Structures are given as structure tokens and as C-alpha cells.
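Below you'll find only one chain, the form predicted on its own, shown as C-alpha cells.
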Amino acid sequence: MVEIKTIQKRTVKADDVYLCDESKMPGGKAEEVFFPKNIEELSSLAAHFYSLKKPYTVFGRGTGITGASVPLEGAVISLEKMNKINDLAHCKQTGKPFLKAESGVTLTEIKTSLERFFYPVDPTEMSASIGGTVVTNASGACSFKYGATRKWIKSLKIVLPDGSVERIERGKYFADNEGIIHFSGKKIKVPQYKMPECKNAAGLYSCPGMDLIDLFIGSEGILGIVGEVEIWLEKKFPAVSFIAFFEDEQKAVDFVGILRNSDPKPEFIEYVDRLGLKMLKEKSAQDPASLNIPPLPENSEGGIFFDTAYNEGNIIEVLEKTNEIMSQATGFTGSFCAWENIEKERIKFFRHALPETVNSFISEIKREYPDIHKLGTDIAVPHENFNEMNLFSKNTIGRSGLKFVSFGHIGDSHIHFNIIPQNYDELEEGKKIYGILAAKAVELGGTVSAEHGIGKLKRKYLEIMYGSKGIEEMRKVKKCLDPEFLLNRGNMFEPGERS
């Protein structure tokens, strides 16, 4: 064990960066923050806090938007100094490439360390740490083709709440017929509930005969601290970027059904609605240099973004097939296509311009109402129920008169409705509507959180999804590994509920 006094630390200040994350959740409290440089120091810290029964919260890069890394009391452990990347390796059994990295390494650092390969998980925030993406089962646009983080994890080195260290290799520990996993001298009973059959990042993972590693992936750090990760990689190919515009939103949505079944399969399929295009047009007219987006075709009320990979020998074939696919669309008003890097970056910027524009509007409103924030849904449903969910959401928010836009990962039937309240009364109305939409998603077999997790801010929605019985089963798993509920207290469950 490493002596605690040798591990770098400092006192937490009132306005400290380690008291908040991108959620801007208020009320963060902690006494001190520690900066372990390796697994040994991390293990010693966990064992130390465990012996003192002192709560502690793990801080990755602070990019989460659910308050999961906001401490409520005790100490903070920042993983930013655990940032080493090992050389690329190949699996002896399969020959597949993989990379080993400490949990504080960012996705950008992983991307720049690779030449011929890439890590397909692509949350929009590339400054996120790899450990943070594991505990949230992060996804993003490309999960349409490649799936979420879970699929790409080869192994994890976990520091358990008592300080013990375990390496969990996929395929080593499984639940038996009674749903019990024997691990580290404990019998872990897997929660017994049905997971939604769509993209999902809400609650502890559960399925018959499940692999133990999947219990830790997406656990939001309540079961153990990810210290080191081995991730699978894919061979890197260039891609052509496309934007297709349509005369109304439903025809844009209908085109997605064609794209999902196309060959070659797009890397991702993204959506922007009529109000989003209108907002971008207005912003661009006011300040053209701030967006630098291509001019939008007239009478366009919906847009679909997608990338298609190619190799040097088949780019013409890919372009011809894509033209054939696009010819099947109705209500088509125009498109952009780019394969040069500078133009692809321009389209990528366009794709990400809307959420940034929404944030700029919120910043302006905050001048008069400092506690105002946007309300961004994270719901997803099975494909067959998307149209019903989409129309219900638009009609429900539309009847309220609240300003909103919708955009996002329509390839996964997962788009974000961003409600933009103009005052505190509208904020409260928006919160009520958020709950209504979350309940509807669950009714349609979907999830209340498809990619951002639950953290501390969305705990009431988790109960909508799994009920009090499901929450209690998750709590029992937590108690099995962390009897005093010391680690990341308050994530998923109310703090202090330990029975």
C-alpha cells in the first residue's frame, strides 16, 4: 500500500472546478481533492476512505451532464493524472487490435495516438475520459453502426470500494441460472428486470447469464473505480459526408428508414428539425462568421446528416450507390456532399452547430434569469415506435407554447428535444413536460436515458423506468460491493439509502 501522505492532494476551494461538471448542478461539497498517478495510489486511497467510512466521489474530466461527478460530501479523487497509453497490441486468440489506457486518458488523446486504426465510440465531447465513457456506457452518433461502449471493452482493471484491485476480462465471470455471479469472495445477485430493446444508458445492466464486466460498464461508478481499460479497435477508412434536406420533417424521418437498410451502411444518421434549421438560418444571418455553414436550400424543413466509409478502390461505387439511395426519397429539396477534409470539417461543424447555438441562447437568457438552463431529453425507443414518440413529443411541447428544437441520433431512434425556457415559470413547466415524455418513452418500450446516464439529476426518471422494486435490486448490488455507500454517493439512488 502507498502511504496516503505521499499522494498529491489539496484543499477544495469554494468555487473549485471539482465541485461541478457540465451539468452545472449546484451544491457540490468536498473537503479535499486527491490526484493519484497510478492504480497503486488509487487503491490506497479507496482503502483509506473505506477504513474511515468517509464518502468519496470520483472525478474524470467533468464532461458529464447529469451531476454524476458532483461531490455531496467527503473527498474527491481526480483521475486526470492517470493518463498513460500503452502501445497498440493484437489479441493472440483473434488477432484483433486493442489498446490499453489508464482511465484518465481522453478520447482525443486516444484518437491522436492511432494511425491505421480507430476507436469507434464517438461521444460528441472528445475531451471526455475513457474511464468516464466506460462507466456511462457512452455512445454518440456512430453507435448506429458500431454500438455503444459496452461492445468495445476487452477488459477492465477495477479498484473496488474497499481498495482491492481486480482485473475483469470479458468472458471470465458469468451469472449462473439463479442470476448469481461469484466474484471477489462475494455473491452478486444480478438485478431481475427487463432492459429496453433500444440504445440505453439507464440503470445497472441485466440479462440472463450475463458477463460480470457488463455490470461495471454503465454503472456510473457506484460499484468500483475503473483504473485501466483495454479497448478493441477497428481499421480506419475515409468517409464521404452528406447532408440531405427535405420539404417537411416527416419526409426526412421516412428517409431514415431507407438509410438504415442501405448498403453500404452509413457510419451514422443524424437529424435536425424545422425549428433547428430556422434557428441556424437566423443565427447565420445575424453573424455569418460565427457559424460558417453552407447556405441552406429554400423550403427545407428537415435535414439528415450521414457519413459513408469507402476505400481508395470503391469511392465511385459508394457515390453511385448513395445517389441511388437518395433517389428513393420523396420531398427532397437539395443536398451537400464532401470528401475533402476541409469541407467534411465544415459539414461536421454544421452538424454540431445547433446544440452550441441553443447554449448561446440560454447564456443570453441567464443574464436576466441566472438559474435558467435548457431541458434536453435523452429518451430513445425501439424503431417501430419512433414515429409515435416523435409526434407525441412535438405535440406535447408545442401545446405548451415553450420554445424548443429537436435534433440528434435518429439512426438509433434517439433524438434530443431541447426545451429553451425564457423565464422561471417556463422552466417549471418544462420540467413537468420532461417527466411526461420520459413516461411515454417507457410506455413505448424505451429508455429515459439513452446516452448520458442518470447521475444525481435524473434519479426520479430511473424509477419511472424500473419501478421501486428494480431500484431496490440495484441498491442490493451496490450494498454487496459497497456496504456503507461511500463511493460516488448519490448516483442513481438517494444518498443515505443503504438498506
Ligand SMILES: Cc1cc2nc3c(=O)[nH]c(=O)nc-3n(C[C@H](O)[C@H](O)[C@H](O)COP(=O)(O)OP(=O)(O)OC[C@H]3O[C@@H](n4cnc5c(N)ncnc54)[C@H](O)[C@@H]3O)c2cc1C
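Small disclaimer: the values here were computed from a predicted structure and weren't measured. The first residue of the sequence shown is number 1, and the count goes up from there.
Absent from the display: the form predicted together with this ligand. The rest refers to it.
K.L.:
Counting only non-hydrogen atoms, which stretch in 135-143, 390-398, 110-118, 300-308 is within 4.5 Å of this ligand in the predicted complex?
P.N.:
In the other structure, the partner sits against 135-143.
K.L.:
On the criterion of a non-hydrogen atom at 4.5 angstroms or closer, are 249, 406 and 437 all touching this ligand in the predicted complex?
P.N.:
No: no residue has a heavy atom within 4.5 Å of the partner.
K.L.:
I'd like to check something about residue 129: if you look in the predicted complex, is any of its heavy atoms closer than or equal to 4.5 Å to a heavy atom of this ligand?
P.N.:
Answer yes; at least one heavy atom of residue 129 falls within 4.5 Å of this ligand in the predicted complex.
K.L.:
Whether residue 447 contacts this ligand in the predicted complex should be assessed with a 4.5 Å heavy atom distance threshold; does it?
P.N.:
Residue 447: no, not in contact with this ligand in the predicted complex.
K.L.:
Do residue 65 and this ligand share at least one heavy atom pair within 4.5 Å in the predicted complex?
P.N.:
Within the cut-off, so yes.
K.L.:
Is residue 421 close enough to touch this ligand in the predicted complex, meaning at least one heavy atom pair within 4.5 Å?
P.N.:
No - in the predicted complex, heavy atoms of residue 421 and this ligand never come within 4.5 Å of each other.
K.L.:
Only one of 225, 410, 272, 381 gets a heavy atom within 4.5 Å of this ligand in the predicted complex. Which one?
P.N.:
By the 4.5 Å heavy-atom cutoff, the listed residue in contact is 225.
K.L.:
Name the single residue among 426, 211, 267, 220 that comes within 4.5 Å of this ligand in the predicted complex, judging by heavy atoms.
P.N.:
Of 426, 211, 267, 220, the residue with a heavy atom within 4.5 Å of this ligand in the predicted complex is 220.
K.L.:
Even though the chain is shown alone, can you say which residues of 310-333 have a heavy atom within 4.5 Å of this ligand in the predicted complex?
P.N.:
If the 4.5 Å heavy-atom criterion is applied to this ligand in the predicted complex, 310-333 yields nothing.
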